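Only one chain is given next, in C-alpha cells, and it is the form predicted on its own.
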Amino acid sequence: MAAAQAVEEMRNRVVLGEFGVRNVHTTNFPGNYSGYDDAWDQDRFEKNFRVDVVHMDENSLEFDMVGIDAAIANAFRRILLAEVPTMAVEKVLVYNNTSIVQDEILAHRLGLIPIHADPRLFEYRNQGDEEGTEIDTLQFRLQVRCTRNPHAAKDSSDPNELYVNHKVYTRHMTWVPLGNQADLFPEGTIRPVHDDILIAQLRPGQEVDLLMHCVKGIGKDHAKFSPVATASYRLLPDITLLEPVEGDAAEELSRCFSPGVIEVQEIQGKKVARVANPRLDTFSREVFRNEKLKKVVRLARVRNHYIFSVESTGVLPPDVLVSEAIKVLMGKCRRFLDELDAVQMD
C-alpha cells in the first residue's frame, strides 16, 4: 500500500522539501511503471482534459488548464509571447526633432507604444516594400511645438503653467488613414491603447514633427510586437496537513502561508487549522523555518494542473489572444503532419 502511494505521488505530484524539490521530471511514459497503461489514448485525454476560466476582465485572464504535459503548457506560453501578431511602429520619418531626445531613442520609444488595431484585419508587409498600402500599414502623424504661456504668472516656476505643449503624449498621435481605411475603421478604433504615455518633454521653441508607419509583426522578430505584458503559468499548489494542528500552533501555521491559505476554526472550544485555499499560496516555504510545524505539513504541486495568467497590453482582449495562440499551435501541428506525410511519400 505504501509503495503504491509512493508511485502515485511520484507520478502526480511535484514535492517541495526543505532543501530541494522532488519528482520534477515527468515519468509516466509507456513502460516505465508496471501495471500502468501510459500509452497515448485520445479518448482518455479528451476525458481528462479541461479548461476552467477563473477570472477575466478587459486586460487580464486567469484560467486553469488540466490534463496536459509541461511541454504543451510551455508551448502556449511561448506562442503568446512571441508568435501572436500585433501592429507596431516599424518606420519613423522624422521631419523635425529639436527635442533633447535623439532621433534613434525617440523612434525606439514610439515602437514600444501598443497600438489598438486588430492585426487579423491586416496582411504582413512584403520584405523590401518601402511604401505601405491600406492592407498592410497604419500611418500616424505626431506634430507638437512647445511655446510659452503668455498668461502665466511672472513668479511661477511650474512648467505646467509656464509652457504650452511641453509634454508630448500618445494622445497627440493622429491617425492618417491610407486608401479606404477611413471607411473600414470607425473613428476612434485605430489609436494608441493608452493616451497618457509620455513620449518626450519640450521647452519653448522645440518641436517634434514626424510620421510613423505601423506594420504587422510577431514578438519573435521584436519585443514591440508582443501582445502580452505577461504570460506565465504555475502548477496548482497542494498542501496537506499530516496531523491535526491546534491551539497557538494553528495561528502560527496560518502566518507561515499567504493570507487565505490556512484557516483557523473554533471546534469545541479549540483552535484548529485547516487548508482553506491552497491556490493562493506562493510557496515561500516559510513553514520549514519552524522546527515543529515543518514535520506536520507536506507541500506539493499537482503535476498536470496549470494555472495560466495572461495580461494583455490592450491590443486585443486576453481571451482572443489565447484563442489565437491555439490557432498558431494547431497550424504548427498541421505543418508537422504534412512534413511527415511528405517524408513517407518519398
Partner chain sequence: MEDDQELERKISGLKTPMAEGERKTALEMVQAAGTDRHCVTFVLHEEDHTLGNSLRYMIMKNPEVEFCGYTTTHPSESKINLRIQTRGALPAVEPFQRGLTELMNVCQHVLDKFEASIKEYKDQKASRNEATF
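Residue numbers count along the first chain shown, from 1. The model shown is predicted, which means the values in this text are computed figures rather than measured ones. Rigid core here is just the name for the largest C-alpha set that superposes within 1.5 Å across the two forms.
Absent from the display: the form predicted together with its partner chain. The rest refers to it.
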key: in the predicted complex, Q5 touching its partner chain (heavy atom, 4.5 Å)   = no
In the predicted complex, does I72 have a heavy atom within 4.5 Å of its partner chain?
yes
- Message: Test of understanding: in the predicted complex, would R109 fall inside 4.5 Å of its partner chain by heavy atoms?
- Response: no
Discussion item. S34 versus its partner chain, in the predicted complex: is there a non-hydrogen atom within 4.5 Å?
Written reply: no
Residue within 4.5 Å of its partner chain in the predicted complex by heavy atom, from N290, T282, T26, N277, is T26
Triplet V53, R78 and K327 all within 4.5 Å of its partner chain in the predicted complex via a heavy atom
yes
Contacts from 319-335 to its partner chain in the predicted complex (any heavy atom within 4.5 Å), listed N to C, are D319, V322, S323, I326, K327, L329, M330, K332, C333, R334, R335
- Please say whether, between the shown form and the other one, the C-alpha of L337 moves by 2 Å or more once the core is aligned. yes
